[in-house]
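Form predicted alone, single chain, as C-alpha cells, below.
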Amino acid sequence: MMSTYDELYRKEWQWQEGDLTVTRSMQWSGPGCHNGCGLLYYTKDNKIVKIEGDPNSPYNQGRLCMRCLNLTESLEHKDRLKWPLKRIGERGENKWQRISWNEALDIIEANVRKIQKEYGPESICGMVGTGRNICWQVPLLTYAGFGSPNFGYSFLSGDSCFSPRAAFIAVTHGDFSVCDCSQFHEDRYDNPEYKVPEVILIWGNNPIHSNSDDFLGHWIVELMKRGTRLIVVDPKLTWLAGRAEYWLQLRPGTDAALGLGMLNVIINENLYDQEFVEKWTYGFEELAERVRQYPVDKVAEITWVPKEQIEEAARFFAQAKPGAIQWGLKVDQSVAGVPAAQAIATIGAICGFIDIPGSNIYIRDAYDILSSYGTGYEEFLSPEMRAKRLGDEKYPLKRMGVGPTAHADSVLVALETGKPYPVKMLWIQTSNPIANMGADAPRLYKAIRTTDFNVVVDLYMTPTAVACADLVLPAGMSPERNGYKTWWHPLRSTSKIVQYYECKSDEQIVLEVGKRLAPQNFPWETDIDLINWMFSRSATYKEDFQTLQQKVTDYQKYEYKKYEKGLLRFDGETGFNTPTGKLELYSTLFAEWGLDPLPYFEEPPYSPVSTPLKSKEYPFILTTGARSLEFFHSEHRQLKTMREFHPDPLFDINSEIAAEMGIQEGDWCWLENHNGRCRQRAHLDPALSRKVIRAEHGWWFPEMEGSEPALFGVFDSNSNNLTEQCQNGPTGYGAPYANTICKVYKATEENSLDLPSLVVTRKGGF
C-alpha cells in the first residue's frame, strides 16, 4: 500500500496530478549556480506553474535555495529574449530588429567564412561564463565549427575561478579531489562505508551562499548536525564562521602564507601521517625545508591571524579522524593562487586525509562521460592550429594541455594589439563579462568593440550585448532543454518540458550553427542525437539519453582508497596518476617547466607591504566578489523578488571605522583607487577588520536605460572598475580580484555629477 508521501513524491520521471503534469528533472542552466539540484516541475498548458525540490533526489534531498524556488519568475519574465535580434543601430545604441533563425544563421555563416578567409580561423574566439550546461557545447562549436583553438572564459583574468586549483591538483595529485559529504553515494549518510568528517576546514568560500563547483552548501549543515566541527578561513564572519571552533580572519590575499604556517606546525610537531607520507608521497623533505622559511610568528605578521590561532587550528585539523577541506574561489583570486592551492591541499595530504571516507576524495566525471572545455580539441584541430592557441606560447601549463582553454588575458592583449595575431570575432554564450568576469571592466569594454563581428547568446539583453553584439540569440532555461550533467557525480538528466517563444537550447544552437559551418563535423539531426554521441564516447556507459531521462539520476558505486587498488593510474598500477606515481608534495612537472615546485607566498601587487606609498592614499584592502543568497554573479537582477530582498549593491565596512568617517548604514559611498571607482551602499559589520573593505560584484541595473551612456548603469557600481587585468602568477593562473587597495568616501551630489557609466562610455574612462 502506497503512503501519502509515496503518492505525492513518486520516483518515475513524469506523472499526472489532476490537471498538472509533474516532471522530475534537474536545474543546471542559467539563471542559477553550478549544482544540479533535483526539481519537481508542475506544468499546465506549456507553463511552469510551480517548482519544488525533489525529495527523491539524493543530491539535494528536496532542499532548494531561493534562486531555484523563484525560478518561475525568471522563466516568464517580460524582459526575456524571445527571438533572434540583429543590431540596426551603432553598437551601444540598443536598437534591434527581430529576425528569423534562418536569417541569423545566414548572417553568422557569411561573417565566419569572411573572417576565416581574411584572418584565419584562429581570429575567432568562443567564450562562456561560469560553464554550467555549456561546458562542452561551446568548445565543440569553437573547435569543430569555427576551426579555432581559442575557446576560453570571458576575459576572466588569470582564469581565476576553479582553474588554478584544478591545474595544480591535476599536476601533483593526478585527479581532482573534493570534500566528502557522502554526495557520491545514492544512500548518502546511511552508506555503510561513509564516515562523517570530524573536522572540515572551509577555506576561501561561503558555500551556503555560493553553492559552487557542484558542492551544495547545505551538506555542511547536515554534517554539523552529525557532529562535524569547523575551521573557517575568511575575512568575513559568515554564518559558518560564527559556528566554527576556529575562525581565522586572514588578510585577503595571504592564503598561501597561512597554509605554509599551518604546515610548519603540523610538520614540526610531527602531527602528520608518517606512514602515508612515507609510502605514498614524493618530496616531503623538500617541503619540510620550504616550510621552515615560514615560522608561525612570521606568518602571523603577514596574515594578521594571531600566532596562537594558527597553531591551535593546525593541531585541531591534523588530529581529526578524519579531516576534510572545502575550498573555494578566493584561493584562486590572487597572483599566488596556484601556490596557495598547493599549500592548502598539502595540509590534507600530509595528514593522510586522501581518498578515505570523510576526507578529500578523488572523483572524475560520471561514467567518464566528458563534459570538459577540451571537447573536440584534439579531434577536430590539426597540431598546427592547436599550436596557435593564445597564451600557450607563454605558459607551459597551457601549452602542455593542463588547462584546456585559451589564456583570457592573452585574448584581451591580442584584441588590443593584434599580436600575435588579430582577434576579429567573439562568440559569447551565457556570459556578461563587462558586468562580471573581466577585471578592469572599462578596458574590456573598449576592447570588445574593436572586432568585426560579435554574437551574444543569452537569456536577457545584457550590457555586454548592447555594447558589442551584432547578433543576439535567445537561449532556453533548464525546463526548455534536454541535457545531462556529469560534473561530477551522479549522471543526471535535464528534460525539455516547455517551450518559450523561439528560444533554443545551447545544444540546438551549437548544432545548427555547426551544421552550417562544418556539416561533416556535425552529422547529428537533433540535440538528443548530439547528446547520445557524447554518451557513446564513454567506455562504460551503454545507455542513451531516453533511458537516462527515465532514471533522472544514475549513480555508480563509489570506491575509496583508489590509489591502493590501481584505480587511478592508466596503467592499472597502484599509486597516483603523476610522473612519480606518488602524490607529489614537490612537483616534478613544475620543476621541469621552470616553475617553483613547492608552495610559496607572494605579496599582492598592491598592498601595504608591496606598495606602502600608494597604500597611504588608498588605506583599505579591497576584496571583491562577495556572494549573496539572491544573485548568481550578474544574474537575477531583473527579478522583483530578489531585488525586494536585496535592492542595491552593498559593501561591508567595519562599524567603528565607518562611524569615524561619518558613514552610516545604507549610505551611498564611493570606492576608489588608482584604476577607477564605483559606488555601493555601506553595510556596517562590527566583525570585519578595520583595514578591509568587502564589495559585491556583478551589479547592473536592468531597470535603467539600456543604451549608452547609461548602458544599464553597468559601470556605476562595478567593483571591477578597481581591479586590473594581466596581473597573473608565473603559471598564468590567478589574479588579484580579491586583494587590491582602495579608499572610501561618502557619495554626495557634488562628487557624483559624472557617474562611471558616463565616464567610461563618453569621456574616455577614468
Partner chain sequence: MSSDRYGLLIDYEFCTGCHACEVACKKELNLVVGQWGLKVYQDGPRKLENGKWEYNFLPVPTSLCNLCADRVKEGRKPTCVHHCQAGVIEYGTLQELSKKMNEKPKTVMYSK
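Here the structure is a predicted model, which means the values were calculated and not measured. Positions refer to the first chain, counted from 1.
There is another form of the same protein, the form predicted together with its partner chain; it is not shown, and what comes next is about it.
Using a 4.5 angstroms heavy atom cutoff to its partner chain in the predicted complex, all of C65, H218 and L237 count as contacting. Stretch-level contact analysis of 719 to 727, 42 to 50, 26 to 34, 698 to 706 against its partner chain in the predicted complex, using heavy atoms and a 4.5 Å limit, identifies 42 to 50. Screening E73, D365, E312, E93 for any heavy atom within 4.5 Å of its partner chain in the predicted complex leaves a single hit, E73. Contact with its partner chain in the predicted complex, judged by any heavy atom within 4.5 Å, is made by just one of K117, K557, K321, K640: K640.
Interface membership of A244, defined by any non-hydrogen atom within 4.5 Å of its partner chain in the predicted complex, is confirmed. Interface residue remark: E644 is counted as part of the site for its partner chain in the predicted complex, having a heavy atom within 4.5 Å. Heavy atoms of M224 reach within 4.5 Å of its partner chain in the predicted complex, making it an interface residue. Taking the partner from the other structure, its partner chain in the predicted complex has a heavy atom within 4.5 Å of a heavy atom of A687.
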